[in-house]
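Starting off, we have a lone chain in the form predicted on its own, written out as structure tokens.
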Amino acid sequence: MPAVVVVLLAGLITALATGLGAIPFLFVRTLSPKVIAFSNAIAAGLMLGASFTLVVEGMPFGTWQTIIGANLGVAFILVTQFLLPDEGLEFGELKGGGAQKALLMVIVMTAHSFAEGVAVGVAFGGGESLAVLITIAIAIQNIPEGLAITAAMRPRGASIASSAWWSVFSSLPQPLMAVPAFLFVDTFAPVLPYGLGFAAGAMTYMVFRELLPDAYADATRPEVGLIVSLSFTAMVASQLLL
């Protein structure tokens, strides 16, 4: 099988794995305000954990590049949020403010996926055995990222199918970026820290601007703090172990 096809398939596998994050919500029958608050707290912890590991991964490629990328990520979300209307917006069966928050979440995760796609392609450029391990690791990591998207969309009225689809959609840049990054490793490797930092900055902003305020609205601070801490630790541990 041609190497390019292998890289493309690897990227597709990581993207499809994201949709598995919607499965736990099949067992959640009622979406009470408390469940919604807990869902936002889980999403916040998972995204903070992913942001932390993205920064850790970016630093070896360039500390200042990663920091610059993080600031660009925050600026990008600020501008995007300013441009998106609060009313009249429809997205994934959602309308109004809920649609805006869900769309921002998908945009953030899609930006994250561009960086991961480059990482997969660059890894294959360095050797197939290591690249297979990295592909498996990213696929497993994508499952809680899909959970984070579903946790943000499902409580606001999106169906399980819609949440799963948008989770997979957010990861489609992985196969799209993996192939050119594999073919032009020397070109893409220098921009990797900017991409990793960009995704980290964008996700961190979303956590503190959108998810945590929504979580605190219907749950106590100790409850939110505990859930965020546990999900953050779980995400960091899974990514470091992989």
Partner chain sequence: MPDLWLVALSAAAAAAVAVLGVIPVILSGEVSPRLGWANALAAGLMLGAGYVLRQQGIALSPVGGIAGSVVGVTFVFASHRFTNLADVDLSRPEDLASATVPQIVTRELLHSAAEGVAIGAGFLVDPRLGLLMAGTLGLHNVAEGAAISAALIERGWHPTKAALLSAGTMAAHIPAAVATAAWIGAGGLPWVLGFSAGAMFYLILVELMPESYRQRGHTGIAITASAAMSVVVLLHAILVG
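Residue numbers count along the first chain shown, from 1. Since the model is a prediction, treat every value here as computed from it, not as a measurement.
Heads up, the form predicted in complex with its partner chain isn't pictured, but that's what we're talking about next.
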Can you pick the stretch from 139-147, 156-164, 69-77, 108-116 whose heavy atoms fall within 4.5 Å of its partner chain in the predicted complex?
69-77
Sole residue of 205, 188, 38, 194 within 4.5 Å of its partner chain in the predicted complex, by heavy atom:
205
Which of 28, 176, 183, 59 has a heavy atom within 4.5 Å of its partner chain in the predicted complex?
59
Report whether the minimum heavy atom distance between residue 32 and its partner chain in the predicted complex is within 4.5 Å.
no
Can you tell me whether residue 8 touches its partner chain? I mean in the predicted complex, with a 4.5 angstroms heavy atom cut-off.
no
Is residue 3 one of the residues lying within 4.5 Å of its partner chain in the predicted complex, judged by heavy atom distances?
no
Would residue 225 sit within 4.5 Å of its partner chain in the predicted complex, counting heavy atoms only?
yes
